[in-house]
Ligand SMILES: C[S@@+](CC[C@H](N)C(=O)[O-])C[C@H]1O[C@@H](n2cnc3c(N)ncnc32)[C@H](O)[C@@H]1O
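Listed next as structure tokens is one chain, alone, in the form predicted on its own.
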């Protein structure tokens, strides 16, 4: 499946609404309790501005998938309001660099504001698509993503770009919605929204095949997070490595 320009605009419209109205009920979990439910540490919650956590629509917790050594350069694909870029910036230290990329202009502005409010000056937020990253080859140590890859127009291109920008030995840690294999396609509503991480989801095996097809090694689904956006979807955690 791929997102048309109409569906891309649907995504931008929805997440612009979230940027402006973090307390609105969008039909899926978000906020500080969602962060706690997904295993975000209390010390992170306490250190970052309380308003930041209103935007936390985390499908899961990419920080549970591996180490984030001091000095690592981290890239967040689909950074949204900047929750995960701020956490990553605290973990890798002020001498390191954390880059967030998002397609929604209002989310880019919001993430930049949150980084300033958190006094995390090692963060850079870029407005760009995940299929065409404005970054150099072999420039990133760790890539994270949280509920964003499933929204993209070509997941194959996203994984190809992730592979391109990672250094040898670099890690991919991401969380996303997948289609439940135990639900019949016919049971899924034909009007399911792409922007709500429903219409664009893939089954676990298909997603793993795309990751491996991009060149990654040791691609694994590490488990399900319990996060749902419909009866046919569930959050899942993935990791892989670019062998050096």
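Numbering follows the first chain given and starts at 1. In this text, all values refer to a predicted model and were calculated from it rather than measured experimentally.
Below, we turn to the form predicted together with this ligand, even though it does not appear here.
Check your understanding: Looking at the partner-bound form in the predicted bound form, is residue 103 within 4.5 Å of this ligand by any heavy atom?
Key -> Judged by the heavy-atom cut-off of 4.5 Å, residue 103 is in contact with this ligand in the predicted bound form.
Check your understanding: Using 4.5 Å between non-hydrogen atoms, is residue 58 touching this ligand in the predicted bound form?
Key -> It does: once this ligand is placed as it appears in the predicted bound form, residue 58 has a heavy atom within 4.5 Å of it.
Review point. So in the predicted bound form, does residue 117 come within 4.5 Å of this ligand, heavy atom to heavy atom?
Key: Residue 117 lies outside the contact set for this ligand.
Practice item. Evaluate residue 152 for contact with this ligand in the predicted bound form, applying a 4.5 angstroms cut-off between non-hydrogen atoms, and reply yes or no. Key: Answer yes; at least one heavy atom of residue 152 falls within 4.5 Å of this ligand in the predicted bound form.
Review point. Of the listed stretches (71 to 79, 135 to 143, 86 to 94, 162 to 170), which one has a non-hydrogen atom within 4.5 Å of this ligand in the predicted bound form?
Key: Within 4.5 Å of the partner lies stretch 71 to 79.
Practice item. Select from 107 to 146 the residues with a non-hydrogen atom within 4.5 Å of this ligand in the predicted bound form and write them out in sequence order. Key: If the 4.5 Å heavy-atom criterion is applied to this ligand in the predicted bound form, 107 to 146 yields 107, 128, 129, 130, 131, 146.
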